[in-house]
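Take a look at this single chain in structure tokens; it is the form predicted on its own.
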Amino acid sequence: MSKTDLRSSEELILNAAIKVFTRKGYAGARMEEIAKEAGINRALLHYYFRDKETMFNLIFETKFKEFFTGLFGAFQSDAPFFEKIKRIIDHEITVLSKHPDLARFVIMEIAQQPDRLIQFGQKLGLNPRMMLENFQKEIQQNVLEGKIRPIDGRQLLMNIISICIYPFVAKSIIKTMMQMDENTFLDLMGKRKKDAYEFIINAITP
């Protein structure tokens, strides 16, 4: 088997595993179900991954890094405050449009084991507490300059994240209620970047 075939098979298995972990969580997922989702037998699955924990840790670390490294990068950039908000929104919606199950997957597992957020963050050299403190200081500076109204940085951060993530977490409900197919939904999410940014800016400017 060539290296290309190996990578393709491994990617197929990992994508199947994400779907199963998202539906069942780590505790409820079974190797047999992952093999079935991938369309392979269990022996081939074990050829690539010795056990469920090894597979899960690889997926979680990869997805965590993909999502949070870009998010932290947007927060820590030297861009002006409003541009920084725009970059955060763009990152959230772009990544989740490419990986619609990512939000539910990460949220579900962090909800089960909150320490994962700290553990993986430290492993990647990320410090959520310091990020929030710096964000709050930036908000205070912009308030002093009269650019935005007084607002708790925690509230603003939750507003930004919620307005970006919720449509993906509730995708099935939204698609059903609005009678949209997948392409229509993704097209709407692409347009949402501009709408979400304007909504947040209008909410915080005097």
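If you're wondering where the values come from, they're calculated on a predicted model, not measured in any experiment. Don't overthink the numbering: it's just position in the shown sequence, from 1. Only the largest set of C-alpha atoms that superpose within 1.5 Å between the two forms is called the rigid core.
There is another form of the same protein, the form predicted together with another copy of the chain; it is not shown, and what comes next is about it.
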Worksheet item: If you check 35, 148, 59, 163 against another copy of the chain in the model of the complex, which one has a heavy atom within 4.5 Å?
Response: 163
Worksheet entry | another copy of the chain contact at residue 120 in the model of the complex, heavy atom, 4.5 Å | no
Item to complete: Could you confirm whether residue 80 comes within 4.5 Å of another copy of the chain in the model of the complex, counting heavy atoms only?
Response: no
Fill in: Contact of residue 154 with another copy of the chain in the model of the complex (heavy atom, 4.5 Å)
yes
Worksheet item: Could you tell me if residue 31 has a non-hydrogen atom within 4.5 Å of another copy of the chain in the model of the complex?
Response: no
Worksheet item: Is every one of 129, 159 and 203 in contact with another copy of the chain in the model of the complex, taking contact as a heavy atom within 4.5 Å?
Response: yes
Worksheet item: What residues of 84-110, in sequence order, lie within 4.5 Å of another copy of the chain in the model of the complex by heavy atom?
Response: 104, 107, 108, 110
Worksheet item: After a core superposition, would you say residue 196 shifts its C-alpha by at least 2 Å between the shown form and the other one?
Response: no
Worksheet entry | residue 29 C-alpha shift between the shown form and the other one of 2 Å or more, rigid core reference | yes
